[in-house]
Every structure is written in C-alpha cells, then in structure tokens.
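Just the one chain here, the form predicted on its own, laid out as structure tokens.
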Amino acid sequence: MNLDHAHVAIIGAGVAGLTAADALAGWGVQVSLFEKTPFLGGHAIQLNCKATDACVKCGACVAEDKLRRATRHPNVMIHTGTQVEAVSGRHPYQIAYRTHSPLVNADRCNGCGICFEKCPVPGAILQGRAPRVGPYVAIRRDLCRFFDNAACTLCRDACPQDAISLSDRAQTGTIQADAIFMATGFSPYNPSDKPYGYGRFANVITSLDAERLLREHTVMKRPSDGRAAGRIAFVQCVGSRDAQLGHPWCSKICCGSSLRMARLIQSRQNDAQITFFYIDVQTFGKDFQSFYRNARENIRMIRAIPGDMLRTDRDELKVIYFDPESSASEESVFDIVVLSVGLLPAGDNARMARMLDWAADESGFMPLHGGERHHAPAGIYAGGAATGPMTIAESVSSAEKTVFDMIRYLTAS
C-alpha cells in the first residue's frame, strides 16, 4: 500500500495517541484521532513542570510538545468529545462514531474565565488542560442546569466572545481505516474506599489534584481554606501493589512524580516539611541515585503505609502508621495529605476489546503491541499506558515502536 493512501484511526489522544498521530502523519498517513473527552492530552497534559534549578526529566513539557505537533499537522483530523460506537469489517475497518456538540467553540473561546464566575454549579464548567492549545473550557452536561430544565443560561449570556452554544445535538459519522491504534491510556484509582478520608476531608487529595494545585498556585494551598500547607505528607502505592484489590502491579510513575513534586514544593516554600510514606522506591531516570540521595537529605522518609487518617478539631490531618524503626504505632499531624494513586486499565478497554474481537489480559490492560503472538486481528495495535503502567517517556517510546510496526504492516498490505 502507498502510505499516502493509508488511513489509520487512533483511539485516545493522550501522550501515546498524540505521539503516534504525529509520527504516522510524518510518514504521509492520514490519521483520524478520536478522544472521548473535550480535551486533548490525557492525564499527561495535566502534569506540572517540576524543574527547580534544572530540568528533572518529569516529562510535562514532552506532553505539551506532542500536543502542539499533532494538532498542527494537516494529516491529522481530530475528533474530540467523540465515542467510537462500533467497529466492523476487515481491511479496511468500518468505524462508526458519535460526536457530542462541543457547547464551547474552541476557535472563539479565549479562556477569559467569565463563565466560571457566572456559573452557579461548582464543577459544571471544566478548565482546559493544555496551556496554549484550546479548547480552554468545556461544559459538563450532567451538571449544567440548562440540560436539567433549560432554566440557566448565565454562562452563554455572559460570554463576551459568543463562544457558548447550549445546543446538545450529537452528530454521527463513519470512516474507513486500514489500521487501528488503541491508545486509551489509563484510569486513576479512586481512593474513596481507602481509610484516608478522600472525599470526606478536603485536605486529603490525590496526586493529580496536587498537580493541578501547583499549576494554579506558586505554593501548595489547602483546598479547605486556601492557606499554604507547611506540613505535607505523600502516601505511595494507593490502589496499586494491592493484592486485595486485585492490583498487584507497580504503577511505576508514582515515586518519581511524588519526589520531584516534593522537591519542587520545597524550592518554592523554604519552610515546607515533607514526609514520604512508602513501601520501597521505584528507580526513575538516569540521574536517580543523585536525585534520591538529595531527596533523602531533605525529606522525612518513612518506610510504612498509613493504616488510618483522622481530621482533628483544628482541621489538621492525623496520620496513624506503624513505624518499623520503633516497632510501635506512631502518629503525625499534617496540613495536607497527597495520595499517590495507582494506574488502572482505562474504562473503555473491555468494551473496545469486545468490539475489536481482541481479549484484554488478566489485569484489564491491552496486550503490548499487535501481532499474531497476541492473537490480535491484523491491523489492530495497542501502545502506551493502554498496555500497562508507563512513564511519559515510556509511553512515547511505546507509541513510536508501535508506529514502526504499523508502517511495516501498511506497506506490506
């Protein structure tokens, strides 16, 4: 097949999907990129740069670069707010999809924030994730009062760019694709059932919540009152390495991300006292040894996972844990607790696997790359965190490797 006539569908526009889209487009392949949410970039685009006096290879800038490159390439057709409904046929595949009305015109919206000020329902308007690529905001239909009884149009009426349309007419369409790349990414573990008070205590947050707070503020602020948090705890392996949950795997990104975040906080807040609760520390990056040595000198490291967490009368968080050094139960008090949540299979994996007639593995992740060894139908591939927990760098590498496999398949077809 002449690659200029080839068409590939990519399902998922996180860092792996964006990497694959840009790489395939560079080979002359036409790409249809499907993303079910209103925003491109997946979880990676939410990450805050953690450089202090030098780059620490956190990968946040990589996600932004992949996003800009993919969105600017003329061979990439982007479908946000779009759900793949059905896949049928072989060589080519017939893909049916449904696209929700975006409600906010990305070309008109300038991110002024007036809609946030006017909306009476917390969380009904979502902030865009990418700092320089639209859309900048999106509206949640399940919370917006207009879609309840059409009683509220405050955001639309106040928008100075006339960028908001509350019409909810979905559009359907079909395409033909010579190959399909599953880049559905991961789902973060929801720690509500853990004994840490997430969802009950405002100052117990997840690592992704902490990333967003550090993007919005110079220092780590407590959600309950906006005060800078001086005593901060990071709790590792929340929802991963947990046989009782059926999640025995290491999520790989948590140790590096949390320690980099801790050092960033300390570089911005000289008085910040940080405690790191862990099972063991996953190595990360070629400079791991020097970085980890420096972190241990500045961070209180406790090789234990807390058993309970209580809110005090002063709106502090009392963390109870077993200290292996003293062989006794100990208590420490913090202003904020960050739960490093594990990476789980994307919620769409099972549905998409059935649609593609390709079984996910026991964990729920997709097999690593397509091919007969994994009993994937010809032309079906998976990469990035859809196949298991990965760092940003590993997701990029996985996507690039998968693209070469796809190019070989397409040229031989």
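So that there is no doubt, residue numbering starts at 1 and follows the sequence shown. Here the structure is a predicted model, which means the values were calculated and not measured.
Note that the form predicted together with a small molecule isn't included here; everything after this is about it.
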Would you mind picking out the stretch of 286-294, 140-148, 117-125, 180-188 that comes within 4.5 angstroms of the small molecule in the predicted complex, counting non-hydrogen atoms?
-> 180-188
Phe34, Gly42 and Ser207 all contacting the small molecule in the predicted complex, non-hydrogen atom within 4.5 Å | yes
Check whether Ile11 has any heavy atom within 4.5 Å of a heavy atom of the small molecule in the predicted complex, and answer yes or no.
-> yes
Should Leu343 be classed as touching the small molecule in the predicted complex when contacts are defined as heavy atoms within 4.5 Å?
-> yes
Answer with yes or no whether Gln83 is in contact with the small molecule in the predicted complex, where contact means some heavy atom within 4.5 Å.
-> yes
Determine whether any heavy atom of Glu64 comes within 4.5 Å of a heavy atom of the small molecule in the predicted complex, and answer yes or no.
-> no
Checking Ile380, Leu47, Val29, Ala70 against the small molecule in the predicted complex, the residue with a non-hydrogen atom inside 4.5 angstroms turns out to be Leu47
